[in-house]
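As structure tokens, one chain now follows by itself in the form predicted alone.
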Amino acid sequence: MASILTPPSEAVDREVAAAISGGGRDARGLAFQTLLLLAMLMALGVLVWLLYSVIDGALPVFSERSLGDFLQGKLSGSPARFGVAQGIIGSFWILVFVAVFSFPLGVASAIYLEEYAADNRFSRLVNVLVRNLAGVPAVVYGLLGLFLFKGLLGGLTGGSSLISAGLTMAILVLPVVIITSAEAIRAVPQPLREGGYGLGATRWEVIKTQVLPYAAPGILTGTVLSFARALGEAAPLLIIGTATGLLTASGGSVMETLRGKYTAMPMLVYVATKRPAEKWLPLASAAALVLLVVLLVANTAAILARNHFEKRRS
């Protein structure tokens, strides 16, 4: 009797869909679904074509030189000696600045806006400004870095140095970290907070033991996206004065390295594309392929870490 009174959920769904569509097929819905599928296939096709063109362009380089030789090579005017070692080191230090400055400041700002700030005109204004800053072109942040870190604070940063580049990139991705972290914190179910308060926990204890562990996967995803943007941007580095010519290795201390001349992976692609295409275009593709592999490894690590936090959360 219970099976007669309680129809299967699939049957209910079919009856409801038939009632909404008047008993016929939803032609507009099918057309919209088809357009969405075509849009997805077009996006995937562009991505596959891009990857194929980069890999196909890089094959001549790796057929003539070993991968280790290309990775250990330095910025050189000779195609046979050109490599990406200095670009990898420069990009690494830029990401260190982004991680040290953008991640804690962004997450702390998101926690304050979502958990402590009152819903008033000031907090709403701050949210609007942060979202607008996330859409500002990267070249504008390059101008900010040129004026602030290279000009006004040039005596401390060393001018066109890794410190200037790292701080500029940290400011560039800071709005993205704030927005993604705030969205992840906002998605935490309210009963988790109420349960913590019901047990007598303070607001900070609730945030530390309930909110942040639940929001960690979303925060981590947004942080990796910001890292990817910082790793691939070239316009701010060009404005600040990244080295595009010969760059001698620095054997000094860490501080001397941070205050000295540098280059980064996007700049190596730019350098190779500005030279005669017959010899240098394959090198540009090879440098771009290395950059894509680095991003892929970072995204894979983020996915694994996110899955780990989700398992702990469940």
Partner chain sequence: MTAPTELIPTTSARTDDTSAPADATVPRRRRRGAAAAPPAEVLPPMDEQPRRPRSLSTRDRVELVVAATSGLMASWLLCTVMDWTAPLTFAIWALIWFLAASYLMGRDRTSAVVATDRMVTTLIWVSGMVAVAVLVWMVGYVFIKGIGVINAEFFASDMGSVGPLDEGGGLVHALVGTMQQIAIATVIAVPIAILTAVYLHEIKGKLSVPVRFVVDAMSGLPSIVAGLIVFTIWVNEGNGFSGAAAGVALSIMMIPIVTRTAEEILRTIDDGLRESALALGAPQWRSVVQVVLPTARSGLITASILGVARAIGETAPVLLTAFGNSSMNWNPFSGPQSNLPLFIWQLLREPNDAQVARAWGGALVLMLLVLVLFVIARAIGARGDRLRGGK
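Not measured: the values here are computed from a predicted model. Numbering follows the first chain given and starts at 1. Heads up, when I say rigid core I mean the largest set of C-alphas that superpose within 1.5 Å between the two forms.
Not pictured, yet referred to below: the form predicted in complex with its partner chain.
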Answer with yes or no whether Thr202 is in contact with its partner chain in the model of the complex, where contact means some heavy atom within 4.5 Å.
-> yes
Please run the contact check for Thr273 against its partner chain in the model of the complex: heavy atoms, 4.5 angstroms, yes or no?
-> yes
Just to confirm, Phe92 within 4.5 Å of its partner chain in the model of the complex by heavy atoms?
-> no
Might Ser109 be said to contact its partner chain in the model of the complex, defining contact as any heavy atom within 4.5 Å?
-> yes
So which of Leu192, Ala99, Ala85, Leu238 gets a non-hydrogen atom within 4.5 Å of its partner chain in the model of the complex?
-> Leu238
Work out which of the listed stretches, 132-140, 158-166, 180-188, 69-77, brings a heavy atom within 4.5 angstroms of its partner chain in the model of the complex.
-> 132-140
Does each of Pro213, Ala298 and Leu304 have at least one heavy atom within 4.5 Å of its partner chain in the model of the complex?
-> no
Even though the chain is shown alone, can you say which residues of 268-295 have a heavy atom within 4.5 Å of its partner chain in the model of the complex?
-> Val269, Tyr270, Thr273, Lys274, Ala277, Leu281, Ala284, Ser285, Ala288, Leu291, Leu292, Leu295
Honestly, after the rigid core fit, is Ser53 moving at least 2 Å at Cα between this form and the one not shown?
-> no
Could you tell me whether the Cα atom of Leu35 shifts by at least 2 Å between this form and the one not shown after core superposition?
-> yes
